[in-house]
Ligand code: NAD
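The form predicted on its own is given below as one chain in C-alpha cells.
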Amino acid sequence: MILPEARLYIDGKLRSAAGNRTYDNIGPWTGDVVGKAADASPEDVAAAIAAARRAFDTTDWSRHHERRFELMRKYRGLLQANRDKLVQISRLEAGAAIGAAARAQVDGALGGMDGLLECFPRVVWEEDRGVRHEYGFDTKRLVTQEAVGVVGAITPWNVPLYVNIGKVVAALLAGCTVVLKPAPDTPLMGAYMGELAIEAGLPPGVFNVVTSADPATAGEILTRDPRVDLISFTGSTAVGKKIMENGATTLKRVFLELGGKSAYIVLDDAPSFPMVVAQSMVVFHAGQGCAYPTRLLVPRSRYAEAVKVLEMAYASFVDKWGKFDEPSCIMGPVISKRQLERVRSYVEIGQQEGARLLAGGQVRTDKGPGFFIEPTCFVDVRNDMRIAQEEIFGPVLVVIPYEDEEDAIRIANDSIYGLGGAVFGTTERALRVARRVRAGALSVNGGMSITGDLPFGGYKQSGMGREWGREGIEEFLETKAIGIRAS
C-alpha cells in the first residue's frame, strides 16, 4: 500500500519543495518505501516563517477568539470525518498496530482535541484588578492575556497526530500562528493536517507545515530565527538542551516535553496483585511512548511471585504481537532500523550489566522484513544500571525490587527524569506515595492522568512547561498589565 505524497503547506497553499525535492517515507512493517514526502529547503522553511509572521502581525487572527474557536471546531469535525485515513497513515508510516492506531494514535488525539476545546472557554483573556490609590491618584488596573506570536512546533514520530494536535490546536486557539515541523519518519500525518486546514477555511499563513528528510536543519532554522517567538518541542532530552541553547540568542519562550523513565510502583497491598503486575508489560505501540512506565518496582517480599507472573504473562503474549491485520493487536514494529539497533544495543547492555533476561530480546525477522523486536523483560535489575536509568524507547521492561515504601519512593525519584508514573495499592496509601513521586502525571490504581483537559509535562530533565488542558493553551499566551489613571 502506498500513501499519498506529503506536500508542504505554506501560506494557505499545498506545494512542492524547492526544486521538487522529495525523500522516501519508509514503512516500519516492511522496511520499504510507502510514500514520498517533500524535502523542504532552508528557503522553504523561511517562507513558512514569513507567512506565519505576516499572518500574526498584519491580520486580526489573534484578536478574534470566537472565530478561532469555531474554525477549530470545524477542523475537529473534518479530522473525525477522515478518521479512517488518519488510522491508515498511522499504521503505514508510524508502524502502529490496529489496536494502537485506533486508540492512542487517532482516537486519543481526537479526544485530546475535544479536551482543548472544552478548556478554551475557561481561558481568562481580561481581568479587572480594581482601583488602587497610589502616588496621590487612583488607577484602574486590567490584566490581559494575548498570543505570544509565531510558534515553531517540532514533533516526534511515535504518536504524531496526538502531539501535532497538542501543539498546533492549542497554539491556534491561543491566537498564535504556527509552523509545524513533523519528524522525518512521519511526514504525512502533519502534511495531511495541512490539507484539512484548507478545507476548514483557516486563513493563509496561520498554520504552515514543512517536512524534511534532515532531522536537524529545519529545526535549527526555527529555533534560531528571530521571527519565531516560541518553540514547542517534544522529543529527546539531548535535542531539548540543544533547542534551549539555540533559542537563548533571541530569548525565545521554550516548551519542552522530553524523555522519561517512569516508575510503575506496585505496593504489597495492591488489590489483584498478579493482574496489576501482568499489566506492567511494555508492549503497547512497542513501548514507544515518553511517559510509558518502563521501571516496574515490586516489594522484595513478593518479588518471586511478581517474576513468576511476568514469566507467564510474557509467555502468553508471544503470538499476540506483530500482526498487521489483527484488530486486537497493539504491538507492531519499532519505527526504524536505527531504533531497532538502539533497542537491541540496550538488550546487550542489560546482559552485560548482570540483569537477567526473563523474556524476549530477539530481533524477529520471521515477523516480516520490517523492524521487529520481541517484547523484552529484565529482572534482577538495580536502579543504577543503564537499562534502569536511560530511556530505551522500545518494548523493554526492567523489574526492580524494593524494601519498603520509603525505598520505593527513593528508587522512583532516583532518575534524571520525571514525566509520568503509576502507583497501585490501597487508595489512601497509593495516593500518599504518588504525591511524593517527582513527576508530572501520576496514575493511581489505573486512573487516567493523561487526557486532553489535564496539563501534561515533566519535572527535572523531562522538560518544562505544560501541554494540553487550559494550561496548555495558556503556555502560548503573554500577560500584560494595564493601568488607567482614574483621578
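One rule holds for the numbers: they count along the sequence shown, beginning at 1. Everything numeric in this text was worked out from a predicted model, so none of it was measured.
This next part talks about the form predicted together with the ligand, which is not shown.
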Exercise. In the predicted bound form, does residue 242 have a heavy atom within 4.5 Å of the ligand?
Worked result: yes
Exercise. Is residue 220 close enough to the ligand in the predicted bound form to count, meaning some heavy atom within 4.5 Å?
Worked result: yes
Exercise. Does residue 91 reach the ligand in the predicted bound form if we count a contact as any heavy atom within 4.5 Å?
Worked result: no
For this session: Give a yes/no on whether residue 393 approaches the ligand to within 4.5 Å in the predicted bound form, heavy atoms considered.
Result: yes
For this session: Find the only residue in 318, 216, 131, 304 having a heavy atom within 4.5 Å of the ligand in the predicted bound form.
Result: 216
Exercise. Looking at 376, 208, 262, 158, which is the one with a non-hydrogen atom within 4.5 Å of the ligand in the predicted bound form?
Worked result: 158
For this session: Please name which of the stretches 355-363, 72-80, 295-303, 179-187 has residues with heavy atoms lying within 4.5 Å of the ligand in the predicted bound form.
Result: 179-187
Problem set entry | Members of 450-478 lying within 4.5 angstroms of the ligand, judged by heavy atom, in the predicted bound form | 456
